[in-house]
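The chain below stands alone and is given in structure tokens; this is the form predicted on its own.
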Amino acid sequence: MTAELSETIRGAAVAARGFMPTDEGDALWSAGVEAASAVAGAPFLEIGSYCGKSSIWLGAAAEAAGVVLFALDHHRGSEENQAGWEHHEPDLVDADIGRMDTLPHFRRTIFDAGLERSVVAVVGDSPTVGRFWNTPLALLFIDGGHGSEPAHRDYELWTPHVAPGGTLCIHDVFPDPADGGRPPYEIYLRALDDGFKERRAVGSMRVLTRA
């Protein structure tokens, strides 16, 4: 598949709220284009959508291929988004219930990017949805909770659904412990041990292929 990311969509992704560096987002777009070509007709799924920044890059690649991105998130924030943690954003707390709620921001981000037809919000926690998921995936992007239990659980639940020739992307992979937490790096090593082949590393983004 030949596709080009429009400057309008890329600009929307760059401007959107979130923590995805632009070069890593561009790597997601490229991975999505390649994945759709390798496994035609299969959807994408990302774990951890937050306010939709990464969903624009992946959603645009899905749209170009005529498939969809399932954007899975409970929208209550991961551990590192809670009060007292490094990535907490107080204005994302629903004052009436005292909990994070990123869903309205996510929906507006996807609407503003014009991607509502190609990005399907799946609102729920990963283990619950994963118990009932049976659809092969052209691309899986793991960027959910970065604690040991959620990261390894997401890997175990969702990588079996990556189709042969499909793509696995893992975010926040830091080989040096001084640069970031260990669980994303640990599941990256598990992927290599399980036969995934690395084809690209951009910043903390790792793009791998299932044999």
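Each residue number is its position in the shown sequence, starting from 1. This one's a predicted model, so the numbers in the text were calculated from it and none came from an experiment.
Unshown form predicted in complex with S-adenosyl-L-homocysteine (SAH); subsequent notes refer to it.
Segments offered: 62 to 70, 174 to 182, 144 to 152, 29 to 37. Contacting S-adenosyl-L-homocysteine (SAH) in the predicted bound form at heavy atom distances within 4.5 Å is 144 to 152. Contact between G124 and S-adenosyl-L-homocysteine (SAH) in the predicted bound form is found at the 4.5 Å heavy atom cutoff.
With a 4.5 Å cutoff on heavy atoms, H105 does not count as touching S-adenosyl-L-homocysteine (SAH) in the predicted bound form; it lies far away. The closest non-hydrogen atom of G48 lies within 4.5 Å of S-adenosyl-L-homocysteine (SAH) in the predicted bound form. At least one heavy atom of G18 is located within 4.5 Å of S-adenosyl-L-homocysteine (SAH) in the predicted bound form.
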